[in-house]
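As a starting point, one isolated chain is supplied in structure tokens, in the form predicted on its own.
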Amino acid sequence: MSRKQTKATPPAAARSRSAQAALPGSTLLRCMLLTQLTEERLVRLYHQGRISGGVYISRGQEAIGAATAAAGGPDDLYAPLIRDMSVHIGRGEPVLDIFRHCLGRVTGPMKGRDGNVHYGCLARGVYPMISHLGAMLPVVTGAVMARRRQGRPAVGFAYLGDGATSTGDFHEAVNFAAVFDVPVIFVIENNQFAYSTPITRQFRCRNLADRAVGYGIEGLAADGNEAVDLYRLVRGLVDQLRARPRPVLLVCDTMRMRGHGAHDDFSYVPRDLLERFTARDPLDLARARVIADGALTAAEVARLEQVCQAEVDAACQQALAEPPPDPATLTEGVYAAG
């Protein structure tokens, strides 16, 4: 959102900023910056041997999670993937808790009993991820149906990559949602590769949105790198689904600009493809957009970057200073009381 006006703001600029008050440009940029900076720090911690398991990078895809997280309401449900940290941050997850979780601290959301991408916050409507990609799609579909039967006007966001569209869970969830008119937005993050397998070796249809026809639902294609435009599209879509519940397939064209995880050297990616998407970096586009819209000045963007960096630095240092769980508490939270 645009910042509050000051007495020194010229009338013309004030009118411009007021007109942009409904745009989430600076909010989205902040979410994307925090995501990028947090992930970069986690990669360093991983290579230092401080993080067990893997670290999965969303670099190049930050706009999708930020836009969809901002578009939902308090009753909506989210099932993010391994590269959806911007969903967690966009739904209010503190950066400090992300570091606590990934470092296995007892103060973290999972109290140090799990790490990696297996965390969520049901109070914010965000489900912890199941590692088998695609497996969360039926979960969020059923959860949305249950919540609506309780009288809550929930809409679901089920995230998957292009590779997960080849799994049985994808077919089962989309088909079920179509038959029972469950309002779920199946957000396909088409990042060009299923690990190292290019999309040309995954499917023959011209666009994954075309698959919606077979289920009798709508299929939409969107630019996954333009955060504000994607937010507007999804915000309108959410309103439609509340009024007339039904599933929608939303394909967001993007690219992950790093390897599958911190362990992957990314050597299989063609240089021309990488250059094409580098020219459309979502953070660069977001910075230019907030300045062009009058939401922030270039100086304010630079200041926002400094503030986000300071927040990440402080969160990381605090988490590193906190303890791991006591081995004596190993069975706590594992067994139900008899």
Partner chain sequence: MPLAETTLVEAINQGLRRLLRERPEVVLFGEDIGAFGGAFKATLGLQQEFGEARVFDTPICESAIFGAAIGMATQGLRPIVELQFVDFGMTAVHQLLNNAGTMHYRTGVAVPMTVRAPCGGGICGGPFHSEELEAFFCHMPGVKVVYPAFPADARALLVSAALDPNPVIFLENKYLYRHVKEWLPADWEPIPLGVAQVCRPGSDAVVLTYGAMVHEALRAAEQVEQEGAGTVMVLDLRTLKPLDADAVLAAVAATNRVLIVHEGWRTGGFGAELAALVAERAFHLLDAPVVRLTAPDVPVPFAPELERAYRPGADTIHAALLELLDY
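Numbering follows the first chain given and starts at 1. These numbers were taken from a predicted model, which means no experiment stands behind them. If you superpose the two forms and keep the largest set of C-alpha atoms that fall within 1.5 Å, you have the rigid core.
The discussion below concerns the form predicted in complex with its partner chain, not included here.
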Each of 77, 114 and 122 within 4.5 Å of its partner chain in the predicted bound form, by any heavy atom, yes or no? yes
message = How about residue 175 - does it come within 4.5 Å of its partner chain in the predicted bound form, if we only consider non-hydrogen atoms?
response = yes
inquiry  = Quick check on residue 147: any heavy atom within 4.5 Å of its partner chain in the predicted bound form?
reply    = yes
**Report entry** 4.5 Å heavy atom contact, residue 232 to its partner chain in the predicted bound form
**Finding:** no
Can you tell me whether residue 169 touches its partner chain? I mean in the predicted bound form, with a 4.5 angstroms heavy atom cut-off.
yes
Exactly one listed stretch (204-212, 139-147, 156-164, 219-227) reaches within 4.5 angstroms of its partner chain in the predicted bound form by non-hydrogen atoms, and it is 139-147
Residue within 4.5 Å of its partner chain in the predicted bound form by heavy atom, from 245, 104, 72, 109, is 109
Applying a 4.5 angstroms cut-off on non-hydrogen atoms, the residues of 96-134 near its partner chain in the predicted bound form are 109, 110, 113, 114, 118, 122, 127, 128, 129, 130, 132
C-alpha of residue 318 off by 2 Å or more between this form and the one not shown on rigid core: no
